[in-house]
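There is one chain below, alone, in C-alpha cells, taken in the form predicted on its own.
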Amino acid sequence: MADMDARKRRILQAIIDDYIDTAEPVGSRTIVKKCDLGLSPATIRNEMADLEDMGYLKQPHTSAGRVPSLSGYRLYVDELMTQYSLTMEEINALRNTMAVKIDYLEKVIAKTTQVLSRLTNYTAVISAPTLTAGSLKQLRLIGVDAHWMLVVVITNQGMVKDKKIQFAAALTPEKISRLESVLNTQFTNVDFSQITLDSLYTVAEQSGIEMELMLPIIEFMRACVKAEAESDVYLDGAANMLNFPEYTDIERVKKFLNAVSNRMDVMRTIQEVQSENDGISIRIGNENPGSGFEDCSIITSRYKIGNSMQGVIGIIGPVRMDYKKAVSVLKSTTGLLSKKMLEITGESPGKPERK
C-alpha cells in the first residue's frame, strides 16, 4: 500500500466502479472515456499493470481488461468508495414502511426485510431482537374446545406468540374469562423472571383458580422471552441472486440456495460478521470461510431498542456488489428500524455504553 499513489487509487476506484456497474472486464480506453483523468490509454495501461502486480487487479484473459481481486475490493470498501445518496423514491419507500400502523415487532421486521431486499436487489436478512428480559403487556385466552385453549402472549417489547395448550380439566367460557382476567391483573408489567411458584400459589389461593390451569400458561409466557432462545430470522430475496451473471453457474446457485435454506445458520453467520464492531461490517468472498457464502459479500449492521434488545440486519450479495449503495441503504434502514421499534415498545432510547 505504500506504493499506492493518488493516481493509482483513482484508477483502481474507477475500474471497480465500472466493473460493479457492467460486470465486464475494464480496459484502459473505458477509463479514458468515463473518467476525466487527463491520461493517455498507454499510461493507464501501465498503471493497471502495476495494480495487477500489486494484487489489486487480475486479468481473466490475456486480451481482456482487468477485474478487481478480493484485495482490490477490500481496499475499495475500506478507503476508496464514495458515499451514495439515496434517491427520494428509496427514502420514501423506507419511510412509508415505518409509517404503516404496525403494532408488533415481527410484522415490522418482516416488512422491512422485504423492502430492504427490493431496494438493494440482494438477499436481506434481519434477526428479531434478542431479549434479556421481558414482561407481559396483554394475555389473551381463547377456548378451542372443552380441553384445548389458544394462549396469545403480547410482551411489552411488542413480541406476539401463541400456542395451543391442552388441559385435563374441562374448560368453560366463564372459567377461561376468569383465568384471563386474573393473570392479566396479577402479572401485567411483571418481569417474567420474577414470577415464582410461591407467587403462583398465592394467586391461586386468592382467586380460587387451580394451579393446573395457570402453570402451563406461565411456563409458555417465560419461554417466549427466554434469554438463551435463538432469535427468529426473517429472510427475503434469495431468488435475486439468480439475476446476476455470476450465478449462471448451476453449482454456485445450488451452493448459495443451500446456504440460505437454514435460517439459523444464516443468522449465526451475520451475527459473526457483525461481532467485529458496532457499526457497519463488511466481509468479502473468502473472508466468509465455512459459511457457504465464500462466493458472496455480506454487509451487516446492528439495530438497538434501548439497552435491553438488539438485532442484526444483513445484506448478502455477489462479491461484485454495489457496496456504496448497499451501505447507504443499510445505514438508513438501521436508523429508521431502531426508531420504529422504540415507538412500538415504548422503550427509552438508552444511554450510550461507555468505551
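Treat the numbers as computed from the prediction; the structure is a model and nothing was measured. One rule holds for the numbers: they count along the sequence shown, beginning at 1.
Omitted here: the form predicted together with the DNA. The next part is about that form.
Taken together, the three residues R10, C35 and S69 all stay farther than 4.5 Å from the DNA in the predicted bound form, as judged by their closest heavy atom. When contacts are judged by a 4.5 Å heavy atom cut-off, V26 counts as touching the DNA in the predicted bound form. Interface membership of N46, defined by any non-hydrogen atom within 4.5 Å of the DNA in the predicted bound form, is confirmed. In the predicted bound form, none of the heavy atoms of G317 sits within 4.5 Å of a heavy atom of the DNA. Although the partner is absent from this view, L39 contacts the DNA in the predicted bound form, with a non-hydrogen atom inside 4.5 angstroms. Shown alone, this chain has one stretch from 282 to 290, 317 to 325, 26 to 34, 297 to 305 that lies within 4.5 Å of the DNA in the predicted bound form by heavy atoms: 26 to 34.
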